[in-house]
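Below sits a lone chain in C-alpha cells, taken as the form predicted on its own.
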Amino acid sequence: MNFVEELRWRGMLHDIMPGTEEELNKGMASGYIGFDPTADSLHVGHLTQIMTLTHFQKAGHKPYALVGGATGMIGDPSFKSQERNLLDESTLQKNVAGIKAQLENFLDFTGDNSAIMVNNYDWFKNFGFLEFIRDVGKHITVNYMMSKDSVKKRLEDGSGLSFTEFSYQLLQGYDFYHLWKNHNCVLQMGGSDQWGNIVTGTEFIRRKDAGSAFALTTQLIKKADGTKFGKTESGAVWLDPERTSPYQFYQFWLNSTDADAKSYIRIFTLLDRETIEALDAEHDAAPHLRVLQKALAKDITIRVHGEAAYEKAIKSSDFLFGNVGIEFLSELTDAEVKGIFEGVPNFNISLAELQEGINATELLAGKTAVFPSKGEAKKMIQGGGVSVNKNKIATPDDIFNADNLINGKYLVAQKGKKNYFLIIVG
C-alpha cells in the first residue's frame, strides 16, 4: 500500500514536501504526529490525525504518537486568537495517561512496525533555558519565525503574541530533531495549520546536523456547509464514553448530511476503495435509506467503543422510534439513559412527592411542564395521545407512584410518538 496515494484518494492530503513520497517508497520509515494534552480525552477532531497514523502503519511504516506533555504547558498559537491558559504538571500527566489509553485502541503496539508512544516532557524536563537558546535558538532566525502565517496573523490582528507562544515553533522543531536523531523519524505529519511548525523542524534538522527530513499535512475537516466539524450544540464529541455516550457518538455520525457522509466514510474508516464506491452507488440509488451514514456510524462506533456499545446504541435508537420496550432502559447506566435523552426536555421531582401518588394530570402539568396547562393535558390524555413508560394513559386520573419508576429513578413521558420527556425523580 502506497501511503501517500492512500491519503490522496481518500481526500485527506493537503501539503507534502518534495521528496517525501520517494522517501517512503524506499521501505519502512518512521514518522510521527503530535497530540496536545489539553484534556484527558481525545475528541473526533483528532480522528483525522489518528487515522493518518493508522494508514501510515498499515502501509508498513512505523508510527510514533508524540504526546506534548511539555509543549502542552505552553499551547500552540497557530491560528488561535488568544493565548491558552497554562496547565500544571499533575493535570498534564493525567491528560497524557488518558490520551495514551485511547490511542492504544487505534494503533498496533506490537510487531515489526509497532507504534511507539513518546512524551516530549521526557526530553524537555531537564533542558535548561540557557542550554536551549544556545543549542536550538541560534539555528533559526527571527526573520524565519516571523514569516510564518500563524505568527503574522496574530501580529496583524492586533492581539499580539507572547514570547512564550512565539517560542512554540522552536520547541516543536526540537521535538522533530530529537525524534529524527534518536528514533530515525524522517517524517512529521499533522493538520494543514501545522505546516509552519513542521517545516521549522525540517529546517532545524538541516541547519543543525545537515540532515534530511520531510513534512506532510492533511486537510482540516469542515462540514459541507463550511461550519466546524466535531462540534454539536452540547460541545465537542469526545472519544471518552463518560463525556460523550456511545449512543450520542453513534448519532453524531448517523446524522451526517449526504455530502459529509461521502467525505467522512473515506477519511474516518478503513473500508477499501471498492467497498466505499459500492456504498456510494447504493446510497445514490436510495438516499432515504442512509446507507452511507449507517455504514460510517457502525464502523467508527465499533472501533472507538466496541461491538457491544454499538449494539446498545442501535437499541437506543430503536427505543426512541418505538421498536424496543421500556425494559431496555434497565440495561443502561444513568449516563447512558441521560445520553439517549440529551436534548429532550428534562424535569425533576422529589421521590417523596411520587411516593404519595400523583395523578397523571398533576404529574404532567403540575409537577412538570410536559403540558402548559392541566386542561390541555386532560384533553390529549382523553384522546389517547399520551404515554408514560411506553404505556398509554387511560384517564387523567391515573395514579403514578414509586412503583412506576424505571431504574428507581426515571419516568419517560410521550406526547404522540416522537415527543419525549424525561422525568428524573430523586
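We number the residues from 1 along the sequence you see. Here the structure is a predicted model, which is why all the values come from computation and not from measurement.
The protein also exists as the form predicted together with the RNA; that form is not presented, and the subsequent description refers to it.
Put simply, of 378, 61, 43, 390 only one has a heavy atom within 4.5 Å of the RNA in the predicted bound form, and it is 378.
With the partner removed from view, the residue among 182, 255, 355, 333 that has a non-hydrogen atom within 4.5 Å of the RNA in the predicted bound form turns out to be 255. Within 4.5 Å of the RNA in the predicted bound form, a heavy atom is found for none of 350, 367 and 396. Although the partner is absent here, residue 306 lies well away from the RNA in the predicted bound form, with no heavy atom inside 4.5 Å.
Shown alone here, residue 374 lies within 4.5 Å of the RNA in the predicted bound form, counting heavy atoms only.
Proximity of residue 287 to the RNA in the predicted bound form falls within the 4.5 Å heavy atom cutoff. Interface membership of residue 416, defined by any non-hydrogen atom within 4.5 Å of the RNA in the predicted bound form, is confirmed. Only one segment in the set 205-213, 183-191, 340-348, 246-254 has residues whose heavy atoms sit within 4.5 Å of the RNA in the predicted bound form; it is 246-254.
Residues 317, 321 of 301-327 are found to place at least one heavy atom within 4.5 Å of the RNA in the predicted bound form.
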